[in-house]
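Quick setup: one chain, the form predicted on its own, written in structure tokens, and binding and motion questions come after.
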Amino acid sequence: MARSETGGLVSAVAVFVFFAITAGGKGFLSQTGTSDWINTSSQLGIVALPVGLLMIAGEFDLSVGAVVGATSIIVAMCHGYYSLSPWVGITIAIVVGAGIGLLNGVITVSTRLPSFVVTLAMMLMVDGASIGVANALTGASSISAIPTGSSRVIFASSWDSFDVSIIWWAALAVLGTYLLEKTQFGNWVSATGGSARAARLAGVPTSRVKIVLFVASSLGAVLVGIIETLSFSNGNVTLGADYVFTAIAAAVIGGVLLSGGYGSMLGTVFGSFTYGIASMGVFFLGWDADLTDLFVGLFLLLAVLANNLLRRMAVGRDAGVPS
């Protein structure tokens, strides 16, 4: 019960059971319905996994949504507007995304400003730059981009309505779990989030850890931007707007503490499932899509309360104090 992913598992099961009962006869349990919520979960999960790692290290990244949008319009402009190979746009997007993450990290660790403020400012700057450049070069902020060749296979293929993003998500979840639980870098991440000062005194390169994780967070957003742009055959600056807070919500629902130092990749997977199930369950019930936020907000609040309780239980157990 004291494991960080427990709350995420409970929330995912609870919301699935609710919609299986209420919307099961309306297509939610069909193959199409199942693929819809798994695809939605996977796209959010690709962003949420590195964001969750960054939060375990004690930092936030609000710029991921803007990076998704910037990636989308870069790929669409290069491929759809200028008729270049999709890989040209993908390469440029990766470089831009890594640069944004690097700036977020360097500014945060060098100025000691809260990452919430730094990445909020970066989000606004990237959004403005993306719209300004797209309108200046193409006269539009939404551009068609039909995938071709290897880029379509790698980023936009699907099997029986299950998207390739699921494979990317699973691979990142395994990699992230191994990194966090089996490597020295994973120990550094948890130590940095638990107490950066104590970690530095113990020889942990906390600044380097944070910068690497900021870059990883941006690259996760780049990957989702590429996948969604080529899957939907359209690039749009506003494509990533929903990821600004949903990635953080998925991590918190999955057991990542807002204060850092505690959490798991498996829990973040469950948190992403919770969002995907809720969003598609609301759709199959025919309710207003805004009610998805009601469910996510409710589970976010419950997750924070449960995480605090489970954390106290874990600390009490480790200290030999009855919980």
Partner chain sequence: MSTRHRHKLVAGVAVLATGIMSLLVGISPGPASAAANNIKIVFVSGPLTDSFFPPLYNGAKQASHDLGISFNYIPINEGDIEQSSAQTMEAAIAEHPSAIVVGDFITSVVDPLIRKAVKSGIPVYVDQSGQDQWQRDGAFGFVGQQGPAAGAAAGNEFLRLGSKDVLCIDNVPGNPYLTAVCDGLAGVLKRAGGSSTILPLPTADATNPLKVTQDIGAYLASHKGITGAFAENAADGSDAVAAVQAAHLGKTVQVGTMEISRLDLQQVEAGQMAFLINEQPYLDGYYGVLFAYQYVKYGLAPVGPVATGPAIIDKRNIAKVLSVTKRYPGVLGSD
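Positions refer to the first chain, counted from 1. Whichever C-alpha set is largest while still superposing within 1.5 Å between the two forms counts as the rigid core. Since the structure is predicted, the reported quantities are computational estimates derived from the model, not experimental observations.
Missing here is the form predicted in complex with its partner chain; even so, the following discussion is about that form.
- With its partner chain left out of view, the stretch that reaches within 4.5 Å of it through heavy atoms in the model of the complex is, among 90 to 98, 73 to 81, 198 to 206, 169 to 177, 73 to 81.
- Interface membership of A136, defined by any non-hydrogen atom within 4.5 Å of its partner chain in the model of the complex, is confirmed.
- In the model of the complex, its partner chain sits beyond 4.5 Å of every heavy atom of F214.
- Its partner chain in the model of the complex comes within 4.5 Å of no heavy atom belonging to S264.
- Although the partner is absent here, L239 lies within 4.5 Å of its partner chain in the model of the complex, judged by heavy atoms.
- The three residues Q43, Y243 and Y275 all sit with a heavy atom within 4.5 Å of its partner chain in the model of the complex.
- Checking N187, S157, S141, S151 for any heavy atom within 4.5 Å of its partner chain in the model of the complex turns up a single hit: S141.
- A heavy atom within 4.5 Å of its partner chain in the model of the complex is found for one listed residue only; from F283, F270, F295, F60, this is F283.
- Taking a 4.5 Å heavy atom cutoff to its partner chain in the model of the complex, the contacting residues in 21 to 36 are K26, S35, D36.
- After superposing the rigid core, the C-alpha of T292 moves by 2 Å or more between this form and the one not shown.
- The distance between the CA atoms of T34 and L300 is at least 3 Å shorter in the model of the complex than in the form shown here.
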